[in-house]
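Two forms, one chain: they're shown below as structure tokens, one block per form, named structure 1 and structure 2.
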Structure 1
Amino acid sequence: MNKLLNIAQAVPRQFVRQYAFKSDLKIKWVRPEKIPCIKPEKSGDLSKLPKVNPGEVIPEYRDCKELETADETVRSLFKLENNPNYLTTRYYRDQMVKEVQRHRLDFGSMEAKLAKMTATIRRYQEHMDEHPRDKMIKVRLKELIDKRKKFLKYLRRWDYRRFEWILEKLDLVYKPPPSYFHWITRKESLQKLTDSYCEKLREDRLEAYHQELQAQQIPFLEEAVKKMEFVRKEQIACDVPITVTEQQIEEVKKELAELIKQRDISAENLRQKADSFN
């Protein structure tokens, strides 16, 4: 028994355990902070709603002549800020739809629908900032964002240029959904990070080797020219069949000149860059 144990200790361990493998690479993984789906960063809204003018009147009474001559108290009753919230939302919605609609009566085209949704979404987002526990609005907002994303997907398939135009007009970002869903885990993230680390290492080393070989090119060619000339001279002197022609030497010289020119140009560029930094 003792003998067996001795043999087992003497033989280096063949099997390294695969499970619970710990890499000794110094890769630090930072879990990305969760952004709620209702936030503008996630929903793709780049800009916020503009502020309403302080004296803005309800749209229905904007051209009212009686109001112009009316008392200050009466006028203030018709201001947007002194009226229910939904009227302000409606005001924003109409403003936004007007920017993109096809004609005066168009409220059902894809652009108009998207504009309407965007106005509501931004309004709800403002509301959620003030009242983070309002679950009803949160659900509505989330559903609306998803619906808008779906409509954008359709519009892209139907009419690409119009899709781009609407993205610009409403200041939205469109990112397609990832191909499959998975939870973010420490293990998988570290695997991915290790993969990219190895890839980078490989590329760096290849690049370094490439540089090294390139640095050898000019001395090698210079040497080659010298040797070829020497061989040719010797062959002529010894009356042996000539294997190195003038043309071959010329070609190598031309190549060498080209390389030196390139090196000078790159050196010049580097110097200019350094100067501009200083």
Structure 2
Amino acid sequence: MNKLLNIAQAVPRQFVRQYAFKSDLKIKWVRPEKIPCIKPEKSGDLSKLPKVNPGEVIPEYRDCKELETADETVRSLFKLENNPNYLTTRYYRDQMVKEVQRHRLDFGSMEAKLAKMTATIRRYQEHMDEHPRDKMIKVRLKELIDKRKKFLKYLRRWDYRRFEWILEKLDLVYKPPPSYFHWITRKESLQKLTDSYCEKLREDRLEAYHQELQAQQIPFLEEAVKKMEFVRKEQIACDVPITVTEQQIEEVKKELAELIKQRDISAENLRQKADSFN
């Protein structure tokens, strides 16, 4: 018994694999990059705020007559770029509200509220690009984006025409929550990639086989015409019932002529493309 075991252990085992692994396929899956919710790509803001004119004065002092005759140093103290950021934000907010308000004193309608929130969101996004570690502004920005989504959802439900109009005026994209949500996993993604790879491989092989059959079609028809003519002559000579008619032979010849014409046209097109490339 021990001798048999020693002989069995001494003989090397050979494993023959009859199936393929996914690693054998040329498929590589990369996890999609996660886009933060504060980025314009995720919040739906398609455009940025325009740059402020360097000589823009604070709106409260725009009609001040004393500034017209004041020194340049004094005038620079009343410019937006030399004042706190909240004044610039308020300036953008007022400009955006003027584009959507229903009348000159409209600051509380749904359109005006959305315009105010959009201007503030875009100002916060510019701030986060420069200071990505500002946690307080980041939290405010998230809350404001969620609030604007709720307002847009309400407007979309009750007045769709106004909803479409406000999206066009503010250059926004509304992304409703998905009806069904599931996490993106490597296993499921690899299954989909494998299915698409196999489907593409199948289509490529069918196309190659189709091209091969088309290449054999002209010689096959030429041989078929010769055989049909030979069979007809032999049947006439032997005085037996004729099974191959002249009409059948003419139809095959006509089909052969069409195929030869198509082959010549395609060859001419390829030659012209090659000449133009050279």
Partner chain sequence: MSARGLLLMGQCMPCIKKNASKIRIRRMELDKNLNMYFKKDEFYFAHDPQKLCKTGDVVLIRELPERLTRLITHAVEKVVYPLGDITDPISGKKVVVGKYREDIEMANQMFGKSEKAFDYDKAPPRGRLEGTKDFTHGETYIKYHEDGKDQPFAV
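What you see is a predicted model; the values in this text were computed from it and never measured. Here the rigid core means the biggest group of C-alpha atoms that line up within 1.5 Å when the two forms are laid on top of each other. Residue indices: 1-based, along structure 1.
Matching each structure to its source, the form predicted in complex with the partner chain turns out to be structure 1. Residue displacement note: Val139 has its CA displaced by under 2 Å between structures 1 and 2 (rigid core superposed). After superposing the rigid core, the Cα of Arg161 is displaced by less than 2 Å between structures 1 and 2. In the core-superposed comparison between structures 1 and 2, Tyr197 has its Cα shifted by at least 2 Å. Summarising the core-aligned comparison between structures 1 and 2, the C-alpha atom of Glu188 is found to shift 3.1 Å. Relative to the superposed rigid core, Gln235 shifts its CA by 22.9 Å between structures 1 and 2.
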